[in-house]
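The chain below stands alone and is given as C-alpha coordinates, in the form predicted alone.
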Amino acid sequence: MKVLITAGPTREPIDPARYLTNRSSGKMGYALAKAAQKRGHSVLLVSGPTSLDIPEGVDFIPIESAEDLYQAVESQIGRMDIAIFAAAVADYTPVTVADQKIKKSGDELTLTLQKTRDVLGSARGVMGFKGTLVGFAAETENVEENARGKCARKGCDLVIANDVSRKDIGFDSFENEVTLVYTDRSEALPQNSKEHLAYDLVEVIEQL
(Lines give C-alpha, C1' and ligand atoms only; values in the text may rest on other atoms or scores of the structure.)
Protein backbone atom coordinates (compact mmCIF):
# COMPACT_ATOMS: atom_id res chain seq x y z
CA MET A 1 0.00 0.00 0.00
CA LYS A 2 0.97 3.64 -0.42
CA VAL A 3 1.47 5.31 2.97
CA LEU A 4 1.87 9.01 3.77
CA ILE A 5 3.40 9.81 7.16
CA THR A 6 3.94 13.27 8.63
CA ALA A 7 6.52 13.74 11.38
CA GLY A 8 8.46 16.20 13.47
CA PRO A 9 7.75 19.79 14.51
CA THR A 10 6.90 22.84 12.44
CA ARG A 11 8.64 26.20 12.68
CA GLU A 12 6.61 29.40 12.41
CA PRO A 13 8.90 32.36 11.61
CA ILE A 14 8.90 35.55 13.67
CA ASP A 15 11.86 37.22 11.97
CA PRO A 16 14.93 35.97 10.04
CA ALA A 17 16.53 34.70 13.28
CA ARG A 18 13.60 33.40 15.35
CA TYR A 19 10.63 31.09 15.12
CA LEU A 20 7.92 29.42 17.22
CA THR A 21 8.17 25.64 17.48
CA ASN A 22 7.51 22.70 19.81
CA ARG A 23 9.33 19.81 21.47
CA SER A 24 8.59 17.10 18.90
CA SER A 25 11.73 15.11 18.00
CA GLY A 26 10.11 13.27 15.08
CA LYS A 27 11.19 9.89 16.48
CA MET A 28 7.71 8.34 16.45
CA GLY A 29 6.94 9.40 12.89
CA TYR A 30 10.32 8.25 11.60
CA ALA A 31 9.93 4.91 13.39
CA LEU A 32 6.53 4.48 11.73
CA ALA A 33 8.02 5.25 8.32
CA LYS A 34 10.78 2.69 8.86
CA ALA A 35 8.34 0.04 10.08
CA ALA A 36 5.91 0.59 7.21
CA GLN A 37 8.73 0.36 4.67
CA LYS A 38 10.08 -2.82 6.25
CA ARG A 39 6.59 -4.34 6.02
CA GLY A 40 6.60 -3.77 2.28
CA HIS A 41 4.68 -0.54 1.87
CA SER A 42 5.59 2.41 -0.34
CA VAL A 43 6.21 5.23 2.14
CA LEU A 44 6.34 9.00 1.73
CA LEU A 45 7.61 10.84 4.81
CA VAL A 46 6.79 14.54 5.09
CA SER A 47 8.80 15.97 7.94
CA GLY A 48 9.61 19.16 9.75
CA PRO A 49 13.19 19.84 10.88
CA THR A 50 14.75 17.03 12.92
CA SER A 51 18.21 15.59 13.60
CA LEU A 52 17.13 12.11 12.45
CA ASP A 53 18.35 10.11 9.48
CA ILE A 54 15.79 9.47 6.76
CA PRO A 55 14.84 5.76 6.86
CA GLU A 56 16.27 3.73 4.00
CA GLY A 57 13.88 3.19 1.09
CA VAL A 58 11.50 5.97 2.15
CA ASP A 59 10.60 8.91 -0.10
CA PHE A 60 11.03 12.23 1.68
CA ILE A 61 9.67 15.78 1.51
CA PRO A 62 11.19 18.29 3.98
CA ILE A 63 9.00 21.13 5.26
CA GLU A 64 9.37 23.99 7.73
CA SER A 65 6.04 25.63 8.55
CA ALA A 66 2.50 24.39 9.10
CA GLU A 67 1.55 25.92 5.75
CA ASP A 68 4.41 24.05 4.05
CA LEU A 69 3.07 20.84 5.57
CA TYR A 70 -0.48 21.58 4.45
CA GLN A 71 0.61 22.18 0.87
CA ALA A 72 2.82 19.08 0.75
CA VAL A 73 0.06 16.85 2.11
CA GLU A 74 -2.56 18.37 -0.19
CA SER A 75 -0.39 17.65 -3.23
CA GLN A 76 0.31 14.01 -2.30
CA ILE A 77 -2.58 12.58 -0.30
CA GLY A 78 -4.79 11.82 -3.28
CA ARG A 79 -2.61 8.90 -4.36
CA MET A 80 -2.31 7.36 -0.89
CA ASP A 81 -4.07 4.38 0.69
CA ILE A 82 -3.11 5.30 4.25
CA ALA A 83 -2.30 8.68 5.83
CA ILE A 84 -0.72 8.82 9.30
CA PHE A 85 -0.43 12.30 10.80
CA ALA A 86 2.26 12.08 13.48
CA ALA A 87 3.69 15.59 13.06
CA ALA A 88 3.28 18.12 15.85
CA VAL A 89 1.81 20.99 13.85
CA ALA A 90 1.62 24.55 15.12
CA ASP A 91 -1.96 25.66 15.80
CA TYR A 92 -1.02 29.33 15.41
CA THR A 93 1.48 31.32 13.36
CA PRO A 94 2.52 35.00 13.46
CA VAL A 95 0.33 37.29 11.37
CA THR A 96 3.38 39.21 10.16
CA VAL A 97 7.04 38.20 9.85
CA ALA A 98 9.61 40.94 10.38
CA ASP A 99 12.01 41.50 7.47
CA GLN A 100 14.88 42.20 9.87
CA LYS A 101 15.81 40.76 13.26
CA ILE A 102 13.65 42.31 15.96
CA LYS A 103 15.87 44.29 18.34
CA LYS A 104 15.47 44.23 22.10
CA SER A 105 13.79 47.48 23.15
CA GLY A 106 10.86 47.65 25.59
CA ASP A 107 10.17 45.34 28.51
CA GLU A 108 7.45 43.53 26.56
CA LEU A 109 6.96 42.29 23.01
CA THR A 110 3.51 41.41 21.69
CA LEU A 111 3.06 38.92 18.87
CA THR A 112 -0.27 38.62 17.09
CA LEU A 113 -0.99 35.06 16.00
CA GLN A 114 -3.54 33.56 13.64
CA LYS A 115 -4.76 29.98 13.24
CA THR A 116 -2.91 27.74 10.85
CA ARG A 117 -4.82 25.60 8.36
CA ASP A 118 -5.89 22.28 9.90
CA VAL A 119 -4.06 19.56 7.95
CA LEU A 120 -5.71 16.55 9.59
CA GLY A 121 -9.12 18.23 9.72
CA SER A 122 -8.92 19.01 6.00
CA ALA A 123 -7.97 15.52 4.84
CA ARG A 124 -11.52 14.21 4.43
CA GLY A 125 -13.58 17.20 3.34
CA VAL A 126 -11.23 19.66 1.66
CA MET A 127 -8.71 17.18 0.25
CA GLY A 128 -11.23 14.41 -0.38
CA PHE A 129 -9.13 11.61 1.10
CA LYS A 130 -11.00 8.28 1.09
CA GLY A 131 -8.31 6.00 2.53
CA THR A 132 -7.45 5.03 6.10
CA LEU A 133 -6.87 8.16 8.17
CA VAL A 134 -4.87 8.06 11.40
CA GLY A 135 -4.17 11.01 13.67
CA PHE A 136 -2.08 11.53 16.78
CA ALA A 137 -3.20 13.34 19.93
CA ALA A 138 -0.49 14.65 22.25
CA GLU A 139 -2.42 15.54 25.39
CA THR A 140 -1.65 16.65 28.94
CA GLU A 141 -5.09 15.95 30.45
CA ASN A 142 -8.27 13.99 29.66
CA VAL A 143 -6.20 12.07 27.14
CA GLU A 144 -8.74 9.50 25.99
CA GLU A 145 -11.70 11.90 26.02
CA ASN A 146 -9.86 14.53 23.97
CA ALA A 147 -8.58 11.94 21.51
CA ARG A 148 -12.05 10.49 20.96
CA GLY A 149 -13.43 13.94 20.22
CA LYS A 150 -10.61 14.52 17.74
CA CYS A 151 -11.29 11.18 16.07
CA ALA A 152 -14.95 12.05 15.50
CA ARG A 153 -14.45 15.69 14.47
CA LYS A 154 -11.76 15.01 11.92
CA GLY A 155 -13.13 11.83 10.38
CA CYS A 156 -10.30 9.59 11.55
CA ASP A 157 -10.42 5.82 11.59
CA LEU A 158 -8.05 5.89 14.57
CA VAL A 159 -6.37 8.42 16.83
CA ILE A 160 -3.20 7.39 18.66
CA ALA A 161 -3.09 9.26 21.97
CA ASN A 162 -0.32 9.77 24.47
CA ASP A 163 0.21 11.80 27.62
CA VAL A 164 3.01 14.28 26.90
CA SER A 165 2.98 15.58 30.47
CA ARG A 166 4.92 12.44 31.46
CA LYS A 167 8.71 12.75 31.42
CA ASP A 168 9.42 9.08 30.61
CA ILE A 169 7.54 8.94 27.28
CA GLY A 170 6.54 11.13 24.37
CA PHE A 171 8.47 14.26 23.38
CA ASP A 172 12.27 13.82 23.32
CA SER A 173 12.02 10.25 24.61
CA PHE A 174 13.00 7.01 22.88
CA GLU A 175 9.94 5.35 24.43
CA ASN A 176 6.21 5.89 24.23
CA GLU A 177 2.99 4.54 25.68
CA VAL A 178 -0.17 5.08 23.69
CA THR A 179 -3.88 4.45 23.67
CA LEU A 180 -5.61 3.47 20.45
CA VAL A 181 -8.78 5.55 20.37
CA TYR A 182 -11.62 4.81 17.97
CA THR A 183 -15.00 6.54 17.91
CA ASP A 184 -16.58 3.69 19.88
CA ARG A 185 -13.79 2.03 21.86
CA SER A 186 -10.18 2.26 23.00
CA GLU A 187 -7.23 -0.04 23.62
CA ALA A 188 -4.10 0.72 25.64
CA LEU A 189 -0.70 -0.48 24.42
CA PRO A 190 2.06 -0.98 27.01
CA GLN A 191 5.11 1.25 27.19
CA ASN A 192 7.79 0.24 24.69
CA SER A 193 10.49 1.73 22.52
CA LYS A 194 9.15 3.85 19.70
CA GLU A 195 10.78 1.50 17.18
CA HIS A 196 9.02 -1.59 18.59
CA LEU A 197 5.77 0.29 19.09
CA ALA A 198 5.85 1.49 15.48
CA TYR A 199 5.68 -2.09 14.15
CA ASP A 200 2.67 -2.82 16.40
CA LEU A 201 0.96 0.35 15.21
CA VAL A 202 1.57 -0.39 11.53
CA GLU A 203 0.02 -3.84 11.99
CA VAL A 204 -3.05 -2.29 13.63
CA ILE A 205 -3.39 0.27 10.84
CA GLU A 206 -3.03 -2.44 8.18
CA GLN A 207 -6.02 -4.23 9.71
CA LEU A 208 -8.12 -1.06 9.36
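No experiment lies behind these values; they were computed from the predicted model shown. So that there is no doubt, residue numbering starts at 1 and follows the sequence shown.
The next section is about a form of this same protein that is not shown, the form predicted in complex with a small molecule.
- Note that among 27 to 35, 177 to 185, 153 to 161, 53 to 61, the stretch whose heavy atoms approach the small molecule to within 4.5 Å in the model of the complex is 153 to 161.
- For the chain shown alone, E74 is not a contact residue for the small molecule in the model of the complex, no non-hydrogen atom being within 4.5 angstroms.
- Within 4.5 Å of some heavy atom of the small molecule in the model of the complex lies at least one heavy atom of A87.
- Looking at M80, you'd find every heavy atom of it more than 4.5 angstroms from the small molecule in the model of the complex.
- Proximity of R124 to the small molecule in the model of the complex falls outside the 4.5 Å heavy atom cutoff.
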